[in-house]
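Shown below, as structure tokens, is a lone chain in the form predicted alone; questions about how it binds or moves come after it.
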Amino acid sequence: MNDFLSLLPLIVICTGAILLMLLAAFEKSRLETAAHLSMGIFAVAFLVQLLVGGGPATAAYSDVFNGMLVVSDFTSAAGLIILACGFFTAMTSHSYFKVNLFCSLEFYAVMMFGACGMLLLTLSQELMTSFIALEIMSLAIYILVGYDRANVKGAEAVLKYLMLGAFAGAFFTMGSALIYGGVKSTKFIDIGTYCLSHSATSPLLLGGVFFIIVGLLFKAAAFPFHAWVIDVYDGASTPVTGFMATALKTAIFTVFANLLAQSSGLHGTWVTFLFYVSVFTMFGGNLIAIGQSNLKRMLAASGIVHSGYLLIALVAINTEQFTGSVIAYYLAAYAAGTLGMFAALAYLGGSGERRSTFDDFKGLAKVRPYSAAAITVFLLSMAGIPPTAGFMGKFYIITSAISAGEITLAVLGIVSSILSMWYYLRLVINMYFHDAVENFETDGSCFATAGTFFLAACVFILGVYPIVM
């Protein structure tokens, strides 16, 4: 019974996706109905996940699935973030597709299938399960990125993402095969046990883990596998970009942390490699973001920088007392700020996303002061200014790095955070220190607006939650 309850959120989302796909077959079904239904299903799954909770890590259906899935506080927290991202993406989509008329009912079903893959990825405790979940998630995201077939940028984006994603999948499969050749198992726990009892520099294990890490770094948009992210984020529709930037990143870093936390030998072998990847990811992302004039491209580069911060948390993992709380909190804080930004862009962007550059938002504070204030809150959170959730997230990551003895990495993380203020505050200056060039009329529904202000409140609630508790 406990096994069933622990997997119930995944079952709810999977059932909802199938129902929406069946609903799309009826000609009388309306797009608004699908949007409302998907919001309801994500909300129900979120509440179920919240009620079921996590508790100590246990292998769900260990007799049936042979210990391939694990449920813990960390995986439950990751599931909550993914489900919340799905809910707010559905809200944002409802408004966005009122003025951008290329959506169909299948859009919401595909988004739910993507969420299924993400939830399964957070629960996976074995390489083949991870690969299947990764492919379910990736196939759904490919479709969502190229959903507007009349958009040339979207077609270019999905082509790049599909080609490079295929390479990442191949690397992951090759890594799994090499690890199986060395360890005779693909379970994370067996890989960790093997590392403790054998040399972690075994050629098969070393090569296998390298390929696995390459596949995960590609999906996380970390250096040097970050080149695709700018064009893909720019080519996808705004709600899809927000979903990719938050829910997908949550799923990838959860499984990445679950893999590395299994053994001090495995983590210790790759900590130096991850150290340099983290540094280059942070500063490479900052250099790209500083040169951008398009907001979605700036947020894509900003996402690269945040992947660098999360890599700091992976470097600082304590394999003996791993809870994942630092990573889960940072992912929640990042998701609230980033989803809020994309929700605001969804209703302010207008038809065809005609307002997309820094200059397009000049004088927004004089015409729509509440929207400008909400965007400012999200930007300050992403920059790490107190008392926002982003500040607390960076604080926990920096202190965990210091506790792990990674003082240099902690200092570089602070320097990177200071550099990032350049491009975050640039938009704030445009909104508040220029005259308005237009009245920023919007035609969509109020869902995206409501989601924006609710997420702005979440940024503060998450920021003070650790202090109050």
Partner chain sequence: MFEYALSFMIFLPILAGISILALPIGNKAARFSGGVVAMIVLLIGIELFLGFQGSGAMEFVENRAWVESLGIRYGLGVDGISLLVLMAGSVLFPMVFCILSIREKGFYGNLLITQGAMIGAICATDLILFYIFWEIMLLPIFFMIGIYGGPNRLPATLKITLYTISGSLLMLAGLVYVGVAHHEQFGFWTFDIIQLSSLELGGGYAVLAFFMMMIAFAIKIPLFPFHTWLPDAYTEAPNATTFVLSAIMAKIGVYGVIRFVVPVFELELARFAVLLSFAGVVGMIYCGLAAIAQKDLKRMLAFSSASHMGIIALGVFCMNTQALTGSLFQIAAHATSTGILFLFIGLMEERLQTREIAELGGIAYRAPIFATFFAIAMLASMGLPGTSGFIGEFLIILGAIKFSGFIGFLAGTSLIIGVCYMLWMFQRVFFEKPKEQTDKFQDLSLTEALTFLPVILLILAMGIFPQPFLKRIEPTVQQHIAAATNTAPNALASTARPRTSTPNYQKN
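Positions refer to the first chain, counted from 1. Because the structure is predicted, anything quoted here is derived from the model rather than measured.
There is another form of the same protein, the form predicted in complex with the partner chain; it is not shown, and what comes next is about it.
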TODO: Indicate whether the candidate residues Gly208, Asn258 and Val271 are all in contact with the partner chain in the model of the complex, with contact defined as any heavy atom within 4.5 Å.
DONE: no
Open item on the list: Would you classify Gly169 as touching the partner chain in the model of the complex, given a 4.5 Å non-hydrogen atom cut-off?
Closed with: no
Task: Gly181, heavy atom within 4.5 angstroms of the partner chain in the model of the complex - done: no
- [ ] Answer with yes or no whether Pro386 is in contact with the partner chain in the model of the complex, where contact means some heavy atom within 4.5 Å.
- [x] yes
- [ ] Evaluate Tyr432 for contact with the partner chain in the model of the complex, applying a 4.5 angstroms cut-off between non-hydrogen atoms, and reply yes or no.
- [x] yes
Open item on the list: Which is the contacting stretch out of 67-75, 388-396, 250-258, 157-165, given heavy atoms within 4.5 Å of the partner chain in the model of the complex?
Closed with: 388-396
Open item on the list: Which residue, Ala43, Val437, Leu31, Val411, is the contact with the partner chain in the model of the complex, using a 4.5 Å heavy atom cutoff?
Closed with: Val411
Task: Contact assignment for the partner chain in the model of the complex, among Thr376, Thr186, Ser356, Ser138, heavy atom within 4.5 Å - done: Thr376
Open item on the list: Within 4.5 Å of the partner chain in the model of the complex, counting any non-hydrogen atom, which residues from 410-431 show up?
Closed with: Val411, Ile414, Ser417, Ile418, Met421, Trp422, Leu425, Val428, Ile429
